[in-house]
Ligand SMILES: Nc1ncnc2c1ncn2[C@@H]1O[C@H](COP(=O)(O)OP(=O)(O)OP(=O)(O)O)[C@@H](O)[C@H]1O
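Quick heads-up: it's one chain on its own, the form predicted alone, in structure tokens.
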Amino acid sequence: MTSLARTEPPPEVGHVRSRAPVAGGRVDPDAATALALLNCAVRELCAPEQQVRVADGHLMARLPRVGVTLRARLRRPPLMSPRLAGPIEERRGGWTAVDWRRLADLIAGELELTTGTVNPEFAAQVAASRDAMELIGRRRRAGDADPFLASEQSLVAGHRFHPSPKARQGADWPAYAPELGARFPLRWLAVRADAVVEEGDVSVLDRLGPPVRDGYRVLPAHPWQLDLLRPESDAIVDLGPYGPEAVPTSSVRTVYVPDAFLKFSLDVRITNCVRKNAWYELSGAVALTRALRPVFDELACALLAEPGYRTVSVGGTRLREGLGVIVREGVRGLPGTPLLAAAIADPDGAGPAAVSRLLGDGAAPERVLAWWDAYVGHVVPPVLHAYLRHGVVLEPHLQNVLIAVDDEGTPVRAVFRDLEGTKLLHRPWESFLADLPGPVASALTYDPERGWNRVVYCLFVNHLAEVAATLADHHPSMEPALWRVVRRHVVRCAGDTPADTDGAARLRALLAGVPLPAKANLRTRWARDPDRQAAYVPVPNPLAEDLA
């Protein structure tokens, strides 16, 4: 349980000047960390227990169990999640500015008293994330000349509703950090043919890899992972670095090479999880690609399919999973210029500049609404129709969606990727799932309620709310109008859904304004639960007609 000493005020530090997360084009790691912590506390601890109110242009949030009230400047009236600005202050007679360390201690104390559990890793994870932001700020260079790769490598501060969005395990991560513009050749292995396990189409690996003697196949490896694993087997020969440079994407472990993405395992914790391709996820990616191709033929969007994987059969599960690589289709051939949605939404880095480039400086409200209408029209219907018509749970969070734009910056296509979070509802896919090995089928399946929560959270809370908020940073009075656009697209989807179905009932509830589910990243990190078991907390729903 918590010690009372944790919640006592630190030595008097007095009032400090207001600091924004971005100063002079560079993220302030202290301010970004503090605001992320407060965002999480408001969403997951204070608001669900009605410990939040607005007064004098500030959002006031009370941590009731430790008996502390905090406040931060409110940039505009909140529709879903408040847009806050520093300084963050604690009421101790008057108002005294607090830093991220004090906030982390207060939040840890509240969580200990709320849950009855302790987490000795929490403070270190927050500090590691803050330190990573500082290092990135010091070493970061100009972005890649390719707009798509620049967007992949632009997320300096990360998720603003995560307590440690840039936490990374180990000392080697800067060499492979997308935010630092990393590029590196892959390491290649020659694996004896009888020790190779693969499914689907992995021909791109043979094209990219070095020549090997008869009886062997090539297998690429992430150099960081190879240094961690140090595989020892007479069936595996290390050929060293070879081929074109790989560019790490926003997920760190997935890299882009000409014509393809390669998704590797990394036996290190990045933000939430140790990033490893479980053996059942290797097979599941290929099975999902097979299932989803006809579905996406009917949806007005694109899917970066994962047609194959290759790994080894020697060394047990450790090497089978640790050296497994999933092949994902590349972006060549997509219409327009693809951009990572998270880069457009990012308030602490690329977002403001991306919005200015796409819309033009000083864009009129009509231009903003037309651009947003195109954006929402390419993202919302495919995700909702995939669930309602096909029983497919997409995971359209900001790092899983690319937005292809034309020469005028207008969205022309949504592109969905990363099948790890894509699931199937059991009933419509019962026959397909029955033909898969039990662990593979289980990992691919969600029940309807869990699947709907995931869709609604990723689509509306994680994705659209954050892009809309970035647009509203430029045009503060437009946020209600932006949500009216989203409502219109949901209404159209409801009109296409038979009224007597479960899906129609879910859409009616959505449009009536029932609270939306938001993933509880803070509570999940505190409990040290796997991301798949993350809980949800309710947040206001701005889709209701009287709210939008």
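What you are looking at is a predicted structure, and each value in this text was computed from that prediction instead of being measured. All residue numbers refer to positions in the sequence shown, first residue = 1.
Just so you know, the form predicted in complex with the named molecule exists too; it's not on screen, but the next bit is about it.
Colleague: Taking the partner as it appears in the predicted bound form, which of 230-238, 368-376, 154-162, 90-98 has residues with heavy atoms within 4.5 Å of the named molecule?
Modeller: This holds for exactly one stretch, 154-162.
Colleague: Does residue 271 reach the named molecule in the predicted bound form, with heavy atoms at most 4.5 Å apart?
Modeller: Output for residue 271 is yes: heavy atoms within 4.5 Å of the named molecule.
Colleague: Answer for residue 398 alone: is it within 4.5 Å of the named molecule in the predicted bound form, judged on heavy atom distances?
Modeller: Yes, residue 398 sits close enough to the named molecule in the predicted bound form that at least one of its heavy atoms falls within 4.5 Å.
Colleague: Do residue 445 and the named molecule share at least one heavy atom pair within 4.5 Å in the predicted bound form?
Modeller: Looking in the predicted bound form, residue contacts with the named molecule do not include residue 445, since no heavy atom lies within 4.5 Å.
Colleague: Can you check whether residue 289 is within 4.5 Å of the named molecule in the predicted bound form, heavy atom basis?
Modeller: Residue 289 lies outside the contact set for the named molecule.
Colleague: I need to confirm a contact call. Of 192, 140, 320, 328, which residue comes within 4.5 Å of the named molecule in the predicted bound form, counting heavy atoms only?
Modeller: Flagged contact: 328.
Colleague: So the named molecule isn't shown here. In the predicted bound form, which residue out of 413, 475, 253, 183 has a non-hydrogen atom within 4.5 Å of it?
Modeller: Filtering the options by heavy-atom distance leaves 253.
Colleague: For the named molecule, considered in the predicted bound form: do all three of 199, 217 and 310 come within 4.5 Å of it, counting heavy atoms only?
Modeller: Verified in the predicted bound form; spot residues all out of contact, no.
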